[in-house]
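A lone chain, given as structure tokens: the form predicted alone.
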């Protein structure tokens, strides 16, 4: 069985018609039919029900389709990633979630540029989900995100766990809680979460923190991005749970209170393409660790090797 058999079968299954599938594949219909017959003979099973219109797959055919699609996706990802790695010439494209821009990311980028002025660095704000897609498509080389994921094409290194804090209007009834707050104090408050899409996102991370404590906020409003959430907090429209680094976004109508719950942390991940060991990436990781060392931030050093 060859890749073309998978590609031809998926086209037939999706079009539900041999003529349309042949047009999509830019081949004649008789050779396509012969390829499908050959595939069934190789597997020793029937994939396509005979004499049905529109074309229908057998139960075995549906099973084969469900596994053929991911295989073809992996082949396309491998091609794109390999081409990108081969073209990596002293440039580095970095994806980052918005909250990291108010934390240590600017220091990390400056440190990297000081050490490697010959490398052109570009920055791209995008969610973690968007970063993973961009990595596989070769549009970025490294991502700084917050969500865990299980993608065999992506290597992820946990840099650190960042505490969550509560952002609120200065006159809020909980603003005087200097000792810190707990999730139980917040369940009845209007809660602003972000981003609204794509999901999963940091919004789901916040909701999961409540869920892990067997709690659920009573009033949740989803907004498009961090900046909108903070603007609404400043307008007194609700509170927001954000990573501690967001405190770098100074606003006279927003104050922050520590969240005391032990599991209220947000991870920061360093994501690259699996087996991509370009020196630019190793050097960026080294810049991260050097900033952490300077600031005394606890972390475990890992290598891409």
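Positions refer to the first chain, counted from 1. Bear in mind that the values here come from a model prediction, so they are computed numbers and not experimental data.
One more form of this protein should be noted, the form predicted in complex with benzoic acid (BEZ), which is absent from this view; the next part is about it.
When benzoic acid (BEZ) is considered in the model of the complex, residue 159 lines it closely, a heavy atom lying within 4.5 Å. Interface membership of residue 13, defined by any non-hydrogen atom within 4.5 Å of benzoic acid (BEZ) in the model of the complex, is ruled out. Interface residue remark: residue 18 is not counted as part of the site for benzoic acid (BEZ) in the model of the complex, having no heavy atom within 4.5 Å. Contact annotation: residue 100 falls within 4.5 Å of benzoic acid (BEZ) in the model of the complex, judged by heavy atom distances. Contact with benzoic acid (BEZ) in the model of the complex, defined as any heavy atom within 4.5 Å, is confined among 208-216, 121-129, 184-192, 103-111 to 103-111. Residue-level contacts in the model of the complex: of 239, 268, 254, 259, one residue has a heavy atom within 4.5 Å of benzoic acid (BEZ), and it is 268. Applying a 4.5 Å heavy atom cutoff to benzoic acid (BEZ) in the model of the complex picks out 268, 288, 292 from 264-297, in order along the sequence.
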